[in-house]
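For reference, the chain that follows is the form predicted on its own, supplied as structure tokens.
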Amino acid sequence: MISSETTPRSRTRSLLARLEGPQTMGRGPAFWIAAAVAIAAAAAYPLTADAWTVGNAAYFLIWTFMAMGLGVVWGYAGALSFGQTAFFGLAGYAYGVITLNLGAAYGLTLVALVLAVAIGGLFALVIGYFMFYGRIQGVFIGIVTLSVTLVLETFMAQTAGPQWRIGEARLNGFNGMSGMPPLTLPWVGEDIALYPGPSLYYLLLGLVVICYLGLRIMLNSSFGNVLVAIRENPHRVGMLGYDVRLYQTLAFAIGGAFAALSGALYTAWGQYITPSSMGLTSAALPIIWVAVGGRRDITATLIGTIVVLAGFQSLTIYGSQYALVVMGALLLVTVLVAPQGLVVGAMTFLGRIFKKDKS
């Protein structure tokens, strides 16, 4: 007879065991020691840099949520989506509207963050439902999601008149919304406003670690195994009795929620949001991040996104006219030379070296 005290422990062990599995690269003490060292180095970074540089690093971390969400949708579920920026922008505007109307006191910005992510995830759920239950497949998923993104951008760009307002929040058309408060934590005596700097950086770093580990557990569960099976052969999965369209819709909603989290955090970070965040260029860039890192592994997606973002920002500073050209060339090289992703290729190479050393 199993006692009630051991049941939660066994469940915890079962969850922790899913941190490693067939759907994610990296296992064993060496991998987790390297991960712990990387997290420690990231945590120590604000001690060696000024506040502006740390705030800029926080900007990189914000985009990793969108990339990991796209990795789930494209890499694991096999549906190439250009709609991540639509959910990103919708959540950004939702955060702005809610905070401009409710204010920042009493932790209401955190409530706004949760609601914005819920709105973006729900919108993704609706879009995914009509796509997958409407039997849309293959390249047409990319066409539909890109169309949704461009329609939202066009709509928001024409909301410049005074009639386009929600309560106290004016949408301001192409110029976008501004003046919304940053994330604010309720505290005794005085609330803590998380402006770009070490405090926001540490919050985002913690969220990245939690989301990354959570996705590893999910992807190595039966849900993740079914997603990968659908990517490889959806007809066979359907013949085994699984509702393929349901799994695809849920994966799309999860990816949309992660993109919405990026959008709400981006708006809180910069205190503005514009329709250009949902433009064609913005829709294409996450595809490059995920493809270069490796769309079929969440670790590679995370590493590749941070590296490519850092390189892209350096290019925009020292040669902005060439930045997008270089990004396009990088995608072309990845597709031709390492279609599984440059980071995946590097991780596979290192894994072979370690195996040779052990033997």
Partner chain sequence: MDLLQNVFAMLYQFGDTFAFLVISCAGLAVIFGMMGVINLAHGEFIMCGAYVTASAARAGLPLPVAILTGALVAGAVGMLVERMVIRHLYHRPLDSIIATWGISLIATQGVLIVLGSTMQGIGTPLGSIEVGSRSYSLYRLVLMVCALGLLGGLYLLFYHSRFGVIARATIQKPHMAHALGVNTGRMYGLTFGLGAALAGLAGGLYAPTMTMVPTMGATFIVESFVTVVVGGADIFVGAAPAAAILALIKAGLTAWYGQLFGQIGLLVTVILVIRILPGGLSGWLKGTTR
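Residue numbers count along the first chain shown, from 1. Owing to the predicted nature of the structure, the values given are computational and were not obtained by experimental measurement.
What comes next is about the form predicted together with the partner chain, which is not displayed.
Whether V148, F155 and L324 all lie within 4.5 angstroms of the partner chain in the predicted complex by heavy atom
So, yes: the whole triplet contacts the partner chain.
Picking from 258 to 266, 97 to 105, 155 to 163, 205 to 213, which part of the chain touches the partner chain in the predicted complex when contact means heavy atoms within 4.5 Å?
Selected range: 155 to 163.
The partner chain isn't shown here, but in the predicted complex which of A44, A36, A329, A30 has a heavy atom within 4.5 Å of it?
Contact residue from the list: A329.
Listed residue (L113, L171, I127, I217) with a non-hydrogen atom within 4.5 angstroms of the partner chain in the predicted complex:
Partner contact (heavy atom, 4.5 Å) among the options: I127.
Test of understanding: in the predicted complex, would A253 fall inside 4.5 Å of the partner chain by heavy atoms?
Contact check for A253: no, nothing within 4.5 Å of the partner chain in the predicted complex.
Give a yes or no for A17: in the predicted complex, does one of its heavy atoms lie within 4.5 Å of a heavy atom belonging to the partner chain?
Judged by the heavy-atom cut-off of 4.5 Å, A17 is well away from the partner chain in the predicted complex.
Find out whether any non-hydrogen atom of V117 is located within 4.5 angstroms of the partner chain in the predicted complex, and reply yes or no.
V117: no, not in contact with the partner chain in the predicted complex.
4.5 Å heavy atom contact, L350 to the partner chain in the predicted complex:
Close contact is absent here: in the predicted complex, L350 is far from the partner chain, nothing within 4.5 Å, heavy atoms only.
Using a 4.5 Å heavy atom cutoff, which residues in 256 to 276 contact the partner chain in the predicted complex? It's fine if the answer is none.
Going through 256 to 276 in order - heavy atoms within 4.5 Å of the partner chain in the predicted complex - there are no hits.
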